[in-house]
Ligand SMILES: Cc1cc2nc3c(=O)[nH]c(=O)nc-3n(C[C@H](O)[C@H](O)[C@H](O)COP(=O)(O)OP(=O)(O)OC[C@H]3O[C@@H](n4cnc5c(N)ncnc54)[C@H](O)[C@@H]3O)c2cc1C
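Let's start with one chain on its own, the form predicted alone, as structure tokens.
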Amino acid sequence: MSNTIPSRSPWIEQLRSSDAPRPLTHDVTTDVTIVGAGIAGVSTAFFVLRDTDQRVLLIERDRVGHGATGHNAGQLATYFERPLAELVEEYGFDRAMAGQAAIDNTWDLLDIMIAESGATARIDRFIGHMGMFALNHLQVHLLHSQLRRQGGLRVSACVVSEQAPFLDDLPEEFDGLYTVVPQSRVRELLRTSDDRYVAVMSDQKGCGNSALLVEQVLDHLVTTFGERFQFVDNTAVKHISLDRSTATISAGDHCVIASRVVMCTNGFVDHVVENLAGDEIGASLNHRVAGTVGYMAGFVQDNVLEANAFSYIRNAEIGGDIPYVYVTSRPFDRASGRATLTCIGGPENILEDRADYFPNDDFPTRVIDEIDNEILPIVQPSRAAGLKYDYAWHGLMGYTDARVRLIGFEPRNPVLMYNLGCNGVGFMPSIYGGRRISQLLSGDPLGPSIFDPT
């Protein structure tokens, strides 16, 4: 029996397959070159074209939306995969709160992109739920809520089972941030029969096909800004040379000259950046993120269910080595009509620096076994192990050292800019990053941020 099965992403399946390649065919001079046509690159192009008079060239080495954007979990979330208290300790209260508020408000930026582009990609919004089983989980997330309340931000709802063994150990400072409920209510919220979970944090979540959104927004940019926007695909960026005022980019077999170049990749790149105007930055760009592959599987049901999302912590303490697991369900359009797609994820594989990774590589059957035997009993207890999955796919997540997206000017040469780093929750921060790049290019006095490259 084979150790792998073909990888198949439900998001890419909904994209057009008939578009002919459009590689770069001539040398170009432009104001802004954006590298990467996933959600980060297209969002950056959208806001730069919308809010400035800059000419923009968007370069994609493969096809639009076929990288990490087409190989993700399809979830929309506005949290950092790092406790907010740690961000406060590192950046200070005001700066950390401003960063969190910026990501919270990205829902409004998403609405702008959808409304102005006329995109029809389905975006579902709802209250999602996270299951917890240890005192440490509650202390970390209630401190998160306490800080948000102090900063004037929305506070997540939290319930704790009256059967929680640590109920009497919760500090008084968290009073008012949670409600004690019967264990049956925890079961109801989490839709699990695993009574190890005795607490639930609930907050705004969403899901959607970010690759399809990217395809539709890009169509809008080509149509609306054709006089100052160019898009090419199947064009690999090989080398970027920076002087004090311009970037010279080797793209495919041609040369691009730009006043700014914005890296909108997941940060796991193989091209060379040469800084002729100062200290070397090529190595730090290529190695400033670590690559993690996330694995997901999905199945389709004919009945149409409301969209929802659940996650379940598995570490005894926040920050451990065991990845949390999750399940989402959402209405799903296919040729035979609308159905429900349920996606399950959690297994991960950490890559070495510069390791080769290809999103279309086959899917390991051992991961299916892990999902069936270790994750299904938590996230989908009613589904039997061994049933066929309609989809099985994997995607590369680029983690920055601080697990915070890099957005802004390269400090050693501001001709180079970044909107990169997935950090596990890349969709909403990517959109915010596009807006922030446009503000920086407009000269807006934004002040220091947790997102600043250093």
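Residue numbers run from 1 along the displayed sequence. Keep in mind the model is a prediction, meaning the values are calculated, not measured.
Not pictured, yet referred to below: the form predicted in complex with the ligand.
A.B. asks: Of 418 to 426, 47 to 55, 381 to 389, 22 to 30, which is the one stretch near the ligand in the model of the complex, taking non-hydrogen atoms within 4.5 angstroms as near?
C.D. replies: Going through the listed ranges, the match is 418 to 426.
A.B. asks: Using a 4.5 angstroms cut-off on non-hydrogen atoms, would Ser329 count as touching the ligand in the model of the complex?
C.D. replies: Close contact is absent here: in the model of the complex, Ser329 is far from the ligand, nothing within 4.5 Å, heavy atoms only.
A.B. asks: Does Ala236 reach the ligand in the model of the complex if we count a contact as any heavy atom within 4.5 Å?
C.D. replies: Flag for Ala236 set to yes.
A.B. asks: May I ask you to state whether Leu218 is within 4.5 Å of the ligand in the model of the complex, using heavy atom distances?
C.D. replies: Result no; Leu218 lies far from the ligand in the model of the complex.
A.B. asks: Spell out, yes or no, whether the shortest heavy atom distance between Thr265 and the ligand in the model of the complex is within 4.5 Å.
C.D. replies: Taking the distances in the model of the complex, the answer for Thr265 is yes, it comes within 4.5 Å of the ligand.
A.B. asks: So which of Met113, Met296, Ala247, Val200 reaches within 4.5 angstroms of the ligand in the model of the complex, heavy atom to heavy atom?
C.D. replies: Filtering the options by heavy-atom distance leaves Met296.
A.B. asks: Since exactly one of Asp243, Asp270, Asp369, Asp169 fits, which has a heavy atom within 4.5 Å of the ligand in the model of the complex?
C.D. replies: Selected residue: Asp270.
A.B. asks: For the three residues Gly131, His141 and Val155, which mark the spot I'm curious about, does each lie within 4.5 Å of the ligand in the model of the complex through at least one heavy atom?
C.D. replies: Not a single listed residue reaches the ligand in the model of the complex, so no.
A.B. asks: Can you tell me which bits of 393 to 414 touch the ligand in the model of the complex, meaning any heavy atom within 4.5 Å?
C.D. replies: Gly395, Leu396, Met397, Arg405, in sequence order.
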